[in-house]
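Below sits a lone chain in structure tokens, taken as the form predicted on its own.
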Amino acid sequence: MINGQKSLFNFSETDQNIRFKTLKEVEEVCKTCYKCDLSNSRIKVVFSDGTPEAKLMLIGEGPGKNEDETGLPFVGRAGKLLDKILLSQNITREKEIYICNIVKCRPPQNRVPVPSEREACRVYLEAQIQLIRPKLILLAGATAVKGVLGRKEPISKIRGQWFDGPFGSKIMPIFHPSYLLRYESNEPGTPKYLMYQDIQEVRRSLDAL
């Protein structure tokens, strides 16, 4: 299903207005960024993982404790579950996906990033999208959906649907893997079951590119 709503990002279809020329340049600026208070408590900036050549991008909320310590997104329990779900469709970080977050520094006690923090990091996320030009973008959880699509509906209402994204891409909201950790069952209709269904649709869309 394709929904006509576009993302909140206003991108030029040319490269002439892109502030950064390489992902490495963006990452280096991130590592010395002090635009918001999250920089005061971080251990490491969590910029990305996966391959920049990917046609598939996943955007999460923000780093947790494990991510803050390692500098890599989705490496705790939720990250291991995410890898398992992606691997069910032969999607690996090494070959087929680029993973990042709305904010690059860990919010204290893993709280939801506030609007000023999301806005401070916005230029870095925009640059990641501009430089990678993914064909498919997954938004994991409500914070990513609000930050990119501006939608406030529960994920359960819009997950698995495709929305219009920048540069001709398609965007799909999905459950955040940390939410799925609350559920043991994979029975039909459960959140985990629905997540596996959504990733099957992602696989079909990747294969059709």
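This is a predicted model, so every value here is computed, not measured. In this text, residue numbers run from 1 along the sequence as written.
One more form of this protein, predicted in complex with a small molecule, exists but is not displayed; see below.
In the model of the complex, the small molecule lies farther than 4.5 Å from every heavy atom of P173.
Contact annotation for G50: none of its heavy atoms lies within 4.5 Å of the small molecule in the model of the complex. Taking the partner from elsewhere, P107 is found to have every heavy atom lying beyond 4.5 Å of the small molecule in the model of the complex. In the model of the complex, the small molecule stays beyond 4.5 Å of every heavy atom belonging to P134. Stretch-level contact analysis of 160-168, 180-188, 24-32, 59-67 against the small molecule in the model of the complex, using heavy atoms and a 4.5 Å limit, identifies 59-67.
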